[in-house]
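What follows is one chain in structure tokens, specifically the form predicted on its own.
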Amino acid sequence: MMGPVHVVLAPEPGGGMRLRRLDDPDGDAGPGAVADATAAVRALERDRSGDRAAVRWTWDDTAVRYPPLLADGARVERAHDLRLAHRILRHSTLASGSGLATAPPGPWDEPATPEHTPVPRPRAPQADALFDLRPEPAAGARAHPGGAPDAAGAVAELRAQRAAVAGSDDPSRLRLLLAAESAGALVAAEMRHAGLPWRTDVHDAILTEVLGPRPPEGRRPARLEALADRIRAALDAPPTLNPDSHPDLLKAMQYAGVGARSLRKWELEQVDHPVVAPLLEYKNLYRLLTANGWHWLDAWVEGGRFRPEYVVGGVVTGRWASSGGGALQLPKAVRRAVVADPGWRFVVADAAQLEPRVLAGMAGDEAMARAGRGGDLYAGIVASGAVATRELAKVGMLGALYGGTTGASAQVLPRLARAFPRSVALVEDAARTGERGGIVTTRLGRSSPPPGSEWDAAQAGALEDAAGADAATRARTATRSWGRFTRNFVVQGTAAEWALCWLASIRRRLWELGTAGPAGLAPAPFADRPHLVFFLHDEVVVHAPVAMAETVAEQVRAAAEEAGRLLFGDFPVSFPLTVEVVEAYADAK
């Protein structure tokens, strides 16, 4: 097998691209200028000596650089996303003394735009490993003036990142986190490229069944209009009352003596008034219309595919967000429209009770890990004798994770603390750190943000000589609120890291399964291969040929086990999955 390939694919001043060696930026690693970046990527991704090419592409932003390659049918095995990595290293307590962390804000702190110069660069991974975790040499960073990084700026930033990792408190943890985050960015781009199969005729039938036929522009569907009439009648309001206007609706409810001060569901359900039933139904149907109605269908489904815009690391804990299409909020009402291509199936998998299991692994809590080995962790907690019912086990665990201090949570938490002292102590310590204004860090090294100016002001206000009871109350409220945030940050953030490793492992395993007919409707390079099409925190959906579906299910399970080993080594915490092979997404669960 050939040695590592270290190359920058740099833009030429007169157009085209040139392959340049990382260790010798002035030397060509290829035949010189190339007019086709996709061809250059394919050339280096190809097997050169009977083994997989040892290449890791480095670029400023996967969401910008990878889609054009995918559009040309090219897939990369591994990549390093400089902006995602920079953001992690900038704030991680593990690398807080690095030059990268202490430098003033620069262009790498800004989000990428399509106008930035593309700077892919291969880096050598291990041929048979999920992640390349080997340390590499480092140097200082520099960026192209004006914020668009050139090849030299990208190389300098990569070296600064390597220096930050190499000099950190735990290089192996950070290397895994950066590799997992970058792999997640590849997955997100590939899922958008492949698209989630979507039947527009089925979706239209669902909307028609629930709302009535599609109305003319600017009009309500028939079902919503009928409910609006019932709301007006119950409130004795004029025909001009618009139930979509919260201020007008609340004012009409006040005049009618309804007694509700908001439109929150839990408050309305406690009110005895004829308007409550039609109003709650209107709210549910209006949410469907605005979130996934006909306008959504027109805007987001094309060619039988829904292509969501994921934002990797879009939440401070490392969870993904969505910048369009509501990918993380697909209601069950429309999932009947998610139908596999002919001859294909969906493999739908979700991790059971992910956050409590992650907590057990982080805390090294063998008692908690043992409770989860039977599949249902909450039932295992009951079997341990800590609580009497599964519902109490669930309520108590959610209280531990999210800081429940009242009701059943407060009653159950002391029992959990006695049965699982290591797990409860970990989240309690995280909460105390947050209450002091400190920073907490996940298993792999993502750190929480500081509490911010409002928190500082609340604490300072309580210490003033003339501070009264209100100032002390504000300070206590801010303190407890931030403690609840840091309590959950360490667990939710580590769960996000587990999910990234799971995704990366699934992605690699699916590609290694190869091809199988018949070809589906997904674009190249996934037309005849199983591929990921949807992700929601602890759930994945794979689109696979029928003949490969059961094998894919096995690989998804194996990937979950691999993710657990990557984060927690040999510690005996299990991550069982519910896995189903279905033709329509709505048939899962």
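Remember, predicted model here, so these are calculated numbers, not experimental data. Residue positions are given as counts along the sequence shown, with the first one as 1. What we label the rigid core is the largest C-alpha set whose atoms superpose within 1.5 Å from one form to the other.
Although not depicted, the form predicted together with the DNA is the subject of the following passage.
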| query | finding |
| --- | --- |
| Stretch from 477-485, 225-233, 339-347, 69-77 whose residues place a heavy atom within 4.5 Å of the DNA in the predicted bound form | 477-485 |
| Among the candidates Gly385, Gly517, Pro247, Pro213, the residue which, in the predicted bound form, approaches the DNA to within 4.5 Å (heavy atoms) | Pro247 |
| In the predicted bound form, the one of Gly324, Gly374, Gly452, Pro414 near the DNA [non-hydrogen atom within 4.5 angstroms] | Gly324 |
| is_contact(Arg287, the DNA) in the predicted bound form, heavy atom dist at most 4.5 Å | yes |
| Contact of Tyr402 with the DNA in the predicted bound form (heavy atom, 4.5 Å) | yes |
| Distance check, Gln492 to the DNA in the predicted bound form, heavy atom within 4.5 Å | yes |
| 4.5 Å heavy atom contact, Leu330 and the DNA in the predicted bound form | yes |
| Joint contact, Arg390, Glu435 and Thr473 to the DNA in the predicted bound form, by non-hydrogen atom at 4.5 Å | no |
| Stretch 510-547: residues contacting the DNA in the predicted bound form, 4.5 Å heavy atom cut-off | Leu536, His537, Asp538, Glu539 |
| Core-superposed C-alpha of Leu241 shifting 2 Å or more between this form and the one not shown | yes |
